[in-house]
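In the block that follows, a single chain appears as structure tokens, in the form predicted alone.
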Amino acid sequence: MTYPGTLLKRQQLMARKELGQNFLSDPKAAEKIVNKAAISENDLVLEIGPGLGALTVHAALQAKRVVAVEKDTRLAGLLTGELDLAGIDNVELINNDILKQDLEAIAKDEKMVVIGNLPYNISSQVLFKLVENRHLVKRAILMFQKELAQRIAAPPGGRDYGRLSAVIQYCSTVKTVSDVPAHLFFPKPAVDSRVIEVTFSKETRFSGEKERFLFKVIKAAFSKRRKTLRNSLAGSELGIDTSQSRMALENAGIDPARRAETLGVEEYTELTEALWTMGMEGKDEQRADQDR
């Protein structure tokens, strides 16, 4: 593929900062990332934000089919032309926002290998969407700004550990694949990137409504992370008061004076179980109804 700066200049285009566009410009780095995805000739690949196609071509040469979802209409048209020039005919390009895209419609009856160089401003939202649709995903090889990748894999107890860390670690294992220095992108970002592999668990403790409630509990706990859990839960969308919060925490064997970042995933599941047993799972909906 043509160097990103040259290609954009030829088409009189510029990278859009508001979309977090930094294009990988090193073919060897792109090939390495795709190779780490271990794509087979029978795989369906979903690429999130193909941009100028650095990963797309390598993936297409290995996969049965690639579905690339690109929000930027300018780049979608440009990439279509580049793929035609390269003789690539097994890529379906969808001009859409990945956050609005129906993943069931892409996967149909298959499980997908997901790849992508994710823009910082939607990285967390994309991960939450993949968690919700993980029954469609075989594995995901994704590139993030390095600091976000560190937060995803961070253990409890530190500043980096947060809502995203707890949700991802509840339902998957995360492995660092490689670091990609900033100078391998155009335009050059301010920070380095990191590629991680996310493999979703076949079984989790909860499913359905109970799992969705777990995610609400985690969100509530981190909504005011400087406060104690007793107070952050009580002042959250869960719709419970401080006495109910304290009782649930004590029933789960958790000191109400602890803070959100000190709880591991297993403790969050125990807290969810305690709240569920107390009948607290519907309190947020009741409060929403009262507010309407």
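Quick note: we count residues from 1 along the sequence shown, nothing fancier. Note that this is a predicted model, so its numbers are computed, not measured.
One more form of this protein should be noted, the form predicted together with a small molecule, which is absent from this view; the next part is about it.
Remark: Phe23 counts among the residues lining the small molecule in the predicted complex, judged by a heavy atom distance of 4.5 Å or less. Remark: Asn96 counts among the residues lining the small molecule in the predicted complex, judged by a heavy atom distance of 4.5 Å or less. Taking the partner from elsewhere, Gly239 is found to have every heavy atom lying beyond 4.5 Å of the small molecule in the predicted complex. In the predicted complex, none of the heavy atoms of Val265 sits within 4.5 Å of a heavy atom of the small molecule.
Put simply, of Ala29, Leu44, Ala54, Ala234 only one has a heavy atom within 4.5 Å of the small molecule in the predicted complex, and it is Ala54.
Distance criterion of 4.5 Å from any heavy atom to the small molecule in the predicted complex singles out Lys71 from the list Lys146, Arg139, Lys71, Arg163. Listed stretches are 243 to 251, 44 to 52, 221 to 229, 256 to 264; the contact stretch with the small molecule in the predicted complex is 44 to 52, by a heavy atom cutoff of 4.5 Å.
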